[in-house]
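There is one chain below, alone, in structure tokens, taken in the form predicted on its own.
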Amino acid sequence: MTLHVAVALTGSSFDASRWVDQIRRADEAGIDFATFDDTFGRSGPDAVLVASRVAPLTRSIGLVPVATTTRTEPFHLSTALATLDHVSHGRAGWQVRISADPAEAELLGRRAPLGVDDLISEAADAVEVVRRLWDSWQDDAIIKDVPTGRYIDRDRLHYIDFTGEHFTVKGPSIVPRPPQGQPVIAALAHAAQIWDRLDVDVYFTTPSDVDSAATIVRQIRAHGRTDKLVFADLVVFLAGDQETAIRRRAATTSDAAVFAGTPEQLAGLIAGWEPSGISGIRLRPGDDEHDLTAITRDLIPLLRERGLFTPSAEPDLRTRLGLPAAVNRYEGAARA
């Protein structure tokens, strides 16, 4: 069994050339997708815009920016991410994030932050709204009928009529249906309340070892998420020898396991985690420059040699990850 491999980029540089260079290296190595970190309280560029900037300059890597549901309207999320899917020709994704930080709430001067349970409920509603808006245009809605002067067939656009505790959204979207139909949605899942209440395609988890990885996979499957992908997150500091890598790690702490060693040792660790049932590994470089280079130049060839990773030739992210084709929920009703 081969694993999917992703990288998490956390840089805050406003130098577009640095982002382009990093993503191109990951793209050329055949890595399945990259996530772009973002929070309201972080000084740095907007993750969705960074992904859109690098999209035309990359070939096959999936582009999965973080975007919060806490203070962003789901209508705007749907259009921004649909646009990213169009400009990347079907390689877009979205990592859902919530924010309970009062300091971030103060930046916008709106409401006081909700409790975590309410924030997760709001995120679940936002995911549902975004998914419905992506489906609100049928694939063949654009007809460009010159004799009648119609650009779209209005019968192939649909109101979503969503009414929930947190949003009321009528729709339809103002952006045509994304090339993937449904761009890949992911979430960092530290606990059951995430995989129980957020219906996403990919769960990023933070096991400490192979046994905890296997336990997490069993728990997610027991919640009925049998068709979802489960990735294990791992912070990595790489060097030519373990002592140097450990010095580089210093006193680093993280929600995920932290590895310090050589690429060969990391390949061995990943091989040891493969029997746990995880779908893939998301590598968080300790340093976006040094460790991303070591991942793409040294680790990926080792994983390929050991049969742990095979770059995909599929053009869109859903297919690349083995997810089913996205069927438009409104198409059958329209034909009826």
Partner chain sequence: MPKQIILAAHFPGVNNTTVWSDPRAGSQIDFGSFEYLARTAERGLFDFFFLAEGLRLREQRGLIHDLDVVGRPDTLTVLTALAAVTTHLGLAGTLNATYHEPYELARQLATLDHLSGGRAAWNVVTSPGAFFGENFRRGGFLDHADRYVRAGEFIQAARTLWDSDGGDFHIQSSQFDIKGRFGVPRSPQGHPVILQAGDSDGGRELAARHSDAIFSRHHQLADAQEFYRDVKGRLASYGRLPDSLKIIPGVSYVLGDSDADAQEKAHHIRRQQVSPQTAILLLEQLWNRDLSAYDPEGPLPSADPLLDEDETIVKGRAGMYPDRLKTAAEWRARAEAKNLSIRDLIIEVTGRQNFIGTASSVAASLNEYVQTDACDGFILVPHLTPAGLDDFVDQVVPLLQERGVFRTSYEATTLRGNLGLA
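Positions refer to the first chain, counted from 1. Note that the coordinates shown come from a computational prediction; the quantities given were computed from them, not determined experimentally.
The same protein has a further form, the form predicted together with its partner chain, not shown here; the description that follows concerns it.
Although the partner is absent from this view, residue 272 stays clear of its partner chain in the predicted bound form, with no non-hydrogen atom inside 4.5 angstroms. For the chain shown alone, residue 108 is a contact residue for its partner chain in the predicted bound form, at least one non-hydrogen atom being within 4.5 angstroms. Put simply, residue 197 is far from its partner chain in the predicted bound form: not one heavy atom of it is within 4.5 Å. Put simply, residue 115 is far from its partner chain in the predicted bound form: not one heavy atom of it is within 4.5 Å. The stretch that touches its partner chain in the predicted bound form, counting heavy atoms within 4.5 Å, is 37-45, out of 264-272, 285-293, 306-314, 37-45. Using a 4.5 Å cut-off to its partner chain in the predicted bound form, each of 50, 69 and 73 places a heavy atom inside that distance. For the residues 214, 87, 192, 258, the 4.5 Å heavy atom test against its partner chain in the predicted bound form is passed only by 87. In summary, among the residues 182, 121, 206, 173, the only one with a non-hydrogen atom within 4.5 Å of its partner chain in the predicted bound form is 173. In the predicted bound form, the residues of 135-162 lying within 4.5 Å of its partner chain by at least one heavy atom are, in order, 137, 144, 145, 146, 147, 148, 149, 150, 151, 152, 154, 157, 159.
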